[in-house]
Ligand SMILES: Cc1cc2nc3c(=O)[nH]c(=O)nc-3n(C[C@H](O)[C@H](O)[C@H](O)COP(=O)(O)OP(=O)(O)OC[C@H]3O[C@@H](n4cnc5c(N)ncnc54)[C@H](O)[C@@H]3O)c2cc1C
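To begin, one chain is listed below as structure tokens, in the form predicted alone.
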Amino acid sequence: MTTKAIKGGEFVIQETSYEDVFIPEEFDEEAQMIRQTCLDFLDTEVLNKLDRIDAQEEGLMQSLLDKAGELGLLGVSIPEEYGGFGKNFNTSMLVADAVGGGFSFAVALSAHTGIGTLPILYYGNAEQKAKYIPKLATGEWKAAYCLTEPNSGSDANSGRTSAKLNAEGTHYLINGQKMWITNGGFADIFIVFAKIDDDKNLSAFIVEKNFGGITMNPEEHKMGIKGSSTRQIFFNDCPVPVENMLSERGNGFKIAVNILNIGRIKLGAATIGSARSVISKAVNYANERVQFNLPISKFGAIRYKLAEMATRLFATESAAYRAGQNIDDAYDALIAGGMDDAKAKLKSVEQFAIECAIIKVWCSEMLDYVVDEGVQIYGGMGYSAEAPMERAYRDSRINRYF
């Protein structure tokens, strides 16, 4: 079926046939196999190690990412020429969904495959992509994204990290502080945003950990996603070869905005997997917990909660995959019009920035609602760290401002 690509936000004003709206049941067999591989990986490698992950057992998260890389889960949307599967955007959404029930592991994987890898894939030149993407696809090198600073959060372009060309003209010396850096404690590659001299806009650099001049604070202690490595990182005359600038000078802010836009809709997809897991556990518990000689699933109040949880999840899933296919349709149309592959991928997501923002907000609030009701259905056990809702409740909270 050939679908005419609509424009971002057009769903509000254009009548749409149900035949033109993608639903998850339409994923082909290969995509479903990738999804099942993700779910099996969580079952065998992640969900039985959650306490060890949250305790940040030395080397454990890295080993899990290595194993995921061996299965190809870090390279689903990376072109085959760089060792990936070369799947479309909506399939990468399906992976985010499937892994979304993996708590802190899901955060580490998403940061690596998304904001850590995509800046190079979308903005890197041929040499940069050939050098870095294959190793990121396998997990041999882990990636992190260094944008936020103590006085620069959403206002990313106000960052003070600086880059100055050395006297020989061979390296930029980067100085500054970054904070809340996911995967910071073990990353080999950092995407670092800094301003060159008195530039108004940021520039972006690919920084290898072994370049030197990089120090870190201890791991942050957080309310949730405790197993996710989160560090403050300091750059002290960190020498970065001039050929490691991403894109053009002063283009860093545009890179940051576009990559975070992708991150928003992928975060939405990840909440689907998390919510689905919570609802499944809540249903099972409601069927097993007996009060007044009846399973509590027989009571109207509990049934209402479960129904509302499922309804909101269904709306979330419908919106996310519809938008994902809209992005793929726009990409196909741009390619057919002669646009370069990397530019088409960026432009197709950029066109749907409205949908990405809507989905990020709705999905993160949906998950908070679902986990809150999950705790309620479990009652006193919901508040116990021995039961599954306590971790889900704490881990969910970050998504609303991530």
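This is a predicted model, so every value here is computed, not measured. The numbering used is simple: start at 1 and walk along the sequence shown.
Note that the form predicted in complex with the named molecule isn't included here; everything after this is about it.
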Problem set entry | Sole residue of 147, 309, 206, 238 within 4.5 Å of the named molecule in the predicted complex, by heavy atom | 147
Problem set entry | in the predicted complex, the residue from 234, 180, 85, 141 that sits within 4.5 Å of the named molecule by heavy atoms | 180
For this session: Assess the spot marked by 120, 128 and 255: is the named molecule within 4.5 Å of a heavy atom from every one of these residues in the predicted complex?
Result: no
For this session: Check whether residue 210 has any heavy atom within 4.5 Å of a heavy atom of the named molecule in the predicted complex, and answer yes or no.
Result: no
Exercise. With the cut-off set at 4.5 Å between non-hydrogen atoms, does residue 222 touch the named molecule in the predicted complex?
Worked result: yes
Exercise. Does at least one non-hydrogen atom of residue 262 fall within 4.5 angstroms of the named molecule in the predicted complex?
Worked result: no
Exercise. Does the named molecule come within 4.5 Å of any heavy atom of residue 6 in the predicted complex?
Worked result: no
Exercise. Thinking of the named molecule in the predicted complex, which stretch from 314-322, 90-98, 224-232, 280-288 has heavy atoms inside 4.5 Å of it?
Worked result: 224-232
Exercise. From first to last in sequence, which residues of 345-365 have any non-hydrogen atom within 4.5 angstroms of the named molecule in the predicted complex?
Worked result: none
